[in-house]
Each structure stands twice: as structure tokens, then as C-alpha cells.
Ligand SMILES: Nc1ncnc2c1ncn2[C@@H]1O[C@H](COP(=O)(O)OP(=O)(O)OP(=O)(O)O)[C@@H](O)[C@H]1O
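Shown here is one chain on its own, the form predicted on its own, set out as C-alpha cells.
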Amino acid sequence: MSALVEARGIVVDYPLAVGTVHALRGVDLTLIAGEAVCLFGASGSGKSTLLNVLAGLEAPDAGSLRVCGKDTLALSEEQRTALRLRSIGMVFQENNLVAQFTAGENVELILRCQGSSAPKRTAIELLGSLGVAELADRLPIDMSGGQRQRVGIARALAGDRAVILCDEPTGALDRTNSDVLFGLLRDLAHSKGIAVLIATHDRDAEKYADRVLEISDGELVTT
């Protein structure tokens, strides 16, 4: 399978008055199409920083990064934003849905930004593929945590994005819903041929992963 993300020697430093924090220390990472990868690490280990770099939200101080064949570090901010919109979906602990929009409208928003010719129909299809089509007209406040996360995943998948990055996606869910979500992300990776990276504290996620990584003090290792 093809490599959708290739990061080499990624370094991120945060200069502070009390000294420099080495958030990432020469991280190498490859994500393959059709693969679900779990990334474990304690708070402050560098998980979120790595996801932000992979998504093009933060520029590293050193290293190289290719996403879907693009040298992202050579792109302008506008070009990185366009790449994110087309190719990279993100799922967060709090799902970041627009509170004033229904589930359907939240997914439609991304599709409209991508120039979809049928955003409403496609949004319903995406929600249906995740088992929540009946929520299309419901506001986030009227959904359970698990339902909101499914809508968030539908939004992340909008436009056939090739890479899905998840930052503690089950942090607000109970055990049952967490297991369902991990299984869903794995199945999406396998069925759609996308690369899924799940940064989490939840060790139960390991049984749903094709590969497990650990990050400690900014250094990445394969377990």
C-alpha cells in the first residue's frame, strides 16, 4: 500500500524564559493507506504537537514532511489550508461541531467549502455510512457524546479525505462507546483505504490497531 504521510526528522522546540522545551526530537513516521495506527503517550509527551505538524497547523523547526505526495513544508499557508481541506480530516475529543448547525449542516459546511456539487445529499450519505443519518436535522446539544463523535468523523471524511488524524477522540466517552468508535475508525481505514492515526491515552485502543506507536519526551518508538 502507498505511503500517505512521510515525516522525517521532525523537530519542534518551544523557547521559554526558563529554557527550551523539546516537544519533538527528530520524529520519523510513515502512515500507510488502509492502516489504523494508535499513538500512545502521557500528557506533554508530544502527541498533539505531532498531529498539529502532520495536519499542517504547525511548522516544525527541522525535518521534512510529505502528505499525499505533497511537500507540505514547501507550501504557502494558503496551499496548506487547501491541502487540509481536500486531504486531511481531524477528529478531536470535543468534536468541534458548530453548535448552531445541525449534524447535516456541519458536514455540508466542509463539502460546500470543497466545492461539492451535491453537499446535502453527500452529507446524508456520509452520516448514513456511520449509522447516524437520522441525526441530520438534530443540533449537537441534542446528541449523545458518541453520536457527536460519529458526526465529527463524518465531517472528517467529507470529500474522500485520505488521512484522518484523531486527538483523544474518546476522551469524553464511556467504555462501550469508546470501543465502538475505535472499531469504527479501524474499519474505515480498512474499507476506504485511508490512513488513520489515533492519539490516545486509552490502552484498550491497542486491540483495534494495525500498528502501535509510543511517544515519550518527544521521541517516537514502535512497540
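Numbering starts at 1 and runs along the sequence shown. A quick note: this is a predicted structure, and the numbers were derived from the prediction, not measured.
Not pictured, yet referred to below: the form predicted together with this ligand.
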| query | finding |
| --- | --- |
| This ligand contact at T49 in the predicted complex, heavy atom, 4.5 Å | yes |
| In the predicted complex, E35 touching this ligand (heavy atom, 4.5 Å) | no |
| Interface membership of S178, this ligand in the predicted complex, 4.5 Å heavy atom rule | no |
| Heavy atom of Q93 within 4.5 Å of this ligand in the predicted complex | yes |
| Check all three, A23, S45 and E168, heavy atom within 4.5 Å of this ligand in the predicted complex | yes |
| Among 155-163, 61-69, 37-45, 178-186, the region lying within 4.5 Å of this ligand in the predicted complex by heavy atom distance | 37-45 |
| Residues within 4.5 Å of this ligand in the predicted complex, restricted to 173-211 and counted by heavy atom | H201 |
